[in-house]
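Only one chain comes next, encoded as structure tokens, the form predicted on its own.
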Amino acid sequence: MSYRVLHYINQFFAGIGGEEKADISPEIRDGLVGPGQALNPALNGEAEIIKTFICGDNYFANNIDAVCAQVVALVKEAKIDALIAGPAFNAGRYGTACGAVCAAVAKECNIPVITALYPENPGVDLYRKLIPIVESSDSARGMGKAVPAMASVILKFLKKEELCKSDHSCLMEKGIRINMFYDENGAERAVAMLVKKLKGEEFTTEYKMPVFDRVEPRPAVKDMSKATIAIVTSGGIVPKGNPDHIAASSAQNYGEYDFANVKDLLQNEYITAHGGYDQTYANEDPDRVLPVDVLRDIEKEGKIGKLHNKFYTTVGNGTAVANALAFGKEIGQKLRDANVQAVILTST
């Protein structure tokens, strides 16, 4: 028996285009498209991709429920046995879409699903407790490793076979706690692990410790009345029309805008590109997110030396940590080059 598989991919992996085509509406094609060419042979003839569902990343981000409903309807109509989404690697909007469609199909259709994401993809934290996710590299260079892993896991699910050790090792932990019973109490087990660690022996921790990013605070500005202050926001405030096409979620870029002669962010001149929250109040008065009006008053009063003539903006909603770090480094260097002494960072 050959199982019937639906494959979900975005506009880039379908060969339609990049960011300029991210708004395309859903399209359904028969057979294999893009990475399906590698995925189908990995299914070893036991399953076959019969349909490919293609959707632009921006379109999905703005129509999540509607697109998920379309995928669910197609699964039912085409009598699909399993859904494979991606792999999406570290593409934030794409990873979120893969997680969302998998979660919707698993819930509504009760069939096996799988996707592959980089650990820092925002789709991981959003959906890891709901669906199985294969750990992938951060880019399509890891396609050769992600595809066989996805194929192996989905075939095991379809055949109702137990996952082997290699399958478990490639899947991300779901972070779900369950009760366990041991003969030794916690203190005894902890000491035993510590002794093994001190001896250099192998041991397995019962709870993986989180790794926190520590940022050392900078010294206070000595004289604010002579300082150049910049404003940066993850609240998505942009000139009307969003000229740099910053996405509503899972941002891939940031904007840099000159506002040297702007004293107030007017409603008909600035908007927010940020999704995931009610934009009404931000669009009514963009200064609520990016307080240019107040800072101009403070500048006029001499409480700060001057307001830097450019502001930087992106969207924090679902944006990958790796992208946020890259944005921060680039923006930080530009501000240092401009001899800025302090930055006010706002959010939503």
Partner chain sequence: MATIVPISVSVGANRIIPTVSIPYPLGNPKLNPVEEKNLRRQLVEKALKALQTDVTEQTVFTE
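Predicted, not measured: the structure shown is a model, and the values here were computed from it. If you superpose the two forms and keep the largest set of C-alpha atoms that fall within 1.5 Å, you have the rigid core. Numbering follows the first chain given and starts at 1.
The protein also exists as the form predicted together with the partner chain; that form is not presented, and the subsequent description refers to it.
| task | Tell me, please, which stretch of 22 to 30, 36 to 44, 280 to 288, 56 to 64 lies within 4.5 angstroms of the partner chain in the predicted bound form when heavy atoms are compared? | result | Within 4.5 Å of the partner lies stretch 280 to 288.
| message | I'd like to check something about residue 347: if you look in the predicted bound form, is any of its heavy atoms closer than or equal to 4.5 Å to a heavy atom of the partner chain? | response | Output for residue 347 is yes: heavy atoms within 4.5 Å of the partner chain.
| Does residue 306 reach the partner chain in the predicted bound form, with heavy atoms at most 4.5 Å apart? | Output for residue 306 is no: heavy atoms all beyond 4.5 Å of the partner chain.
| query | Using heavy atoms and a 4.5 Å limit, would one call residue 202 a contact residue for the partner chain in the predicted bound form? | reply | Output for residue 202 is no: heavy atoms all beyond 4.5 Å of the partner chain.
| message | Even though the partner isn't displayed, in the predicted bound form is residue 260 close enough to the partner chain, meaning a heavy atom within 4.5 Å? | response | Residue 260: no contact with the partner chain in the predicted bound form.
| query | Given that the partner chain is left out here, which of 79, 165, 160, 214 has a heavy atom within 4.5 Å of it in the predicted bound form? | reply | The residue from 79, 165, 160, 214 that makes the contact is 214.
| message | Only counting heavy atoms and a 4.5 Å limit, does any residue of 289 to 303 reach the partner chain in the predicted bound form, and if so which ones? | response | Going through 289 to 303 in order - heavy atoms within 4.5 Å of the partner chain in the predicted bound form - the hits are 289, 291, 293, 294, 295, 297, 298, 301, 303.
| said: Once the core is aligned, does residue 67 move its Cα by at least 2 Å between this form and the one not shown? | reply: The answer is no; the displacement is under 2 Å.
| Can a Cα shift of no less than 2 Å be assigned to residue 294 between this form and the one not shown, given superposition on the rigid core? | Moves: yes, 2 Å or greater.
| message | Since the Cα-Cα distance for residue 140 and residue 316 shifts by 3 angstroms or more in the predicted bound form, is it a contraction (closer) or an expansion (farther)? | response | The answer is farther, because the C-alphas of residue 140 and residue 316 separate from each other in the predicted bound form by 3 Å or more.
| Where do residue 318 and residue 65 end up in the predicted bound form, Cα atoms closer or farther than shown, with a change of 3 Å or more? | More distant in the predicted bound form, by 3 Å or more.
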